[in-house]
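Taking the form predicted alone, here's one chain by itself in structure tokens.
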Amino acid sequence: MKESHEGFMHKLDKSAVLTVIGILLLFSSAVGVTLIAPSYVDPSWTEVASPYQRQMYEVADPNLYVSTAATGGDELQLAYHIKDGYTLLAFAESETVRIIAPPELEKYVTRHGESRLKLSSKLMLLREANAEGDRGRQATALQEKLQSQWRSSHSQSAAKELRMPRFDILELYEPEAKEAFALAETDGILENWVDSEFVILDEEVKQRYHEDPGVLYVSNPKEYRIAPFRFGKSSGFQYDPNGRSIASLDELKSPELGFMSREELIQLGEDIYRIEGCWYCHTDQTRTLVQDTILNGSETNAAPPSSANEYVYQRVTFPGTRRIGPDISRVGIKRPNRDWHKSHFWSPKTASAGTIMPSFRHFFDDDPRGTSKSPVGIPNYKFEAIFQYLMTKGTRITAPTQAWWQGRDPVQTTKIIEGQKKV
């Protein structure tokens, strides 16, 4: 019995030693793979997908601010934080917009009919031309000239049927500050982008992204001004071109105004997506299978398969394994309509018949005043956060001018799904 007992202990000691050695080998292998393997990985998998993606996350998102409408409705107010020497600005005329400028700023205006867009990071803004003074007389004369040209280019019968368009005469000026807040006329998803026929008029390169082959820019910025309002027993603020300027970024983000940057909303939306367990039922990956590329695109414009560089700005990725619900990797293109997502989160079965998705009415607030025209509650910050997060899906792989939904194929999707190119 004694010899048997000693033999067992000897085997146990040997097993323990082997276990420790095995753990050390596994740990050493893991460390080695972690340190060495990245040098053999295709860099396109770890770098950003495109200059557009980098600029959207690093330039646009931190400087676009979102808040709900003043009267408690479900519409949004958006403002750009523009900074001297950083934000690229364009002052471009159109059929119905004309710009008057002092001689020293004339070179920054892209006149109607000019093919090359002029950009600059010099902080300038537009405003309605003052009715008084030289600028006012210049604006009045230009308005009369444009109206006369319109009448002369239309016959009397056509002029009676067509309504004369409203011509906006704007004045270009330099504010005294080095930063300002501009009214953002955007859907909150895509931004102005140019990659051909443009010139940056700065004397020297001010920012790294200014050297990219294409750039994001703010078009015809007008200062975002506010004025107080009263609605019943409630009071607050609203945009007013004749109101007061916003003193600082701290004021813009104060509880009174309630603005959050799109960057903050996207990060919060990622957290909400994780906490709510959305990844249990929805994958976030377009596979290289034909059914995936067609399902998330179309027969004529196949969606590109997912690659690692799409997720470089996420803190957590959710590729998922089960598709109880549809894949979300291209939902920003397939479902860009904010109203659809409002209805879907409020009552999923109404928007998607037969779905087992639960409602997320905690993404909405009640409207005790009854001022909202929407049949659903008023979206709160949780809805806006997850909506902004979802709108990054598929919209930032390539610039809009090269995007797959435009029929372009910059990532060679067809070759990938036919096996001619490996991802």
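What you see is a predicted model; the values in this text were computed from it and never measured. So that there is no doubt, residue numbering starts at 1 and follows the sequence shown.
Note that the form predicted in complex with a small molecule isn't included here; everything after this is about it.
Contact check for Ile82, Ala177 and Lys206: none of the three has a heavy atom within 4.5 Å of the small molecule in the predicted complex. Considering the small molecule in the predicted complex, the lone stretch of 197-205, 326-334, 240-248, 95-103 in range is 326-334 [heavy atom distance within 4.5 Å]. Site annotation in the predicted complex: the residue of Glu264, Asp212, Glu128, Glu276 reaching within 4.5 Å of the small molecule with a heavy atom is Glu276. Note on the partner interface in the predicted complex: the residue among Thr288, Gln147, Ser352, Ser298 having a heavy atom within 4.5 angstroms of the small molecule is Ser352. A residue is said to contact a partner when one of its heavy atoms sits within 4.5 Å of a partner heavy atom; Arg338 fails this definition for the small molecule in the predicted complex, lying far away. By the criterion of a heavy atom within 4.5 Å, Phe363 is counted among the residues contacting the small molecule in the predicted complex. At least one heavy atom of Pro358 is located within 4.5 Å of the small molecule in the predicted complex.
When contacts are judged by a 4.5 Å heavy atom cut-off, Leu390 counts as touching the small molecule in the predicted complex.
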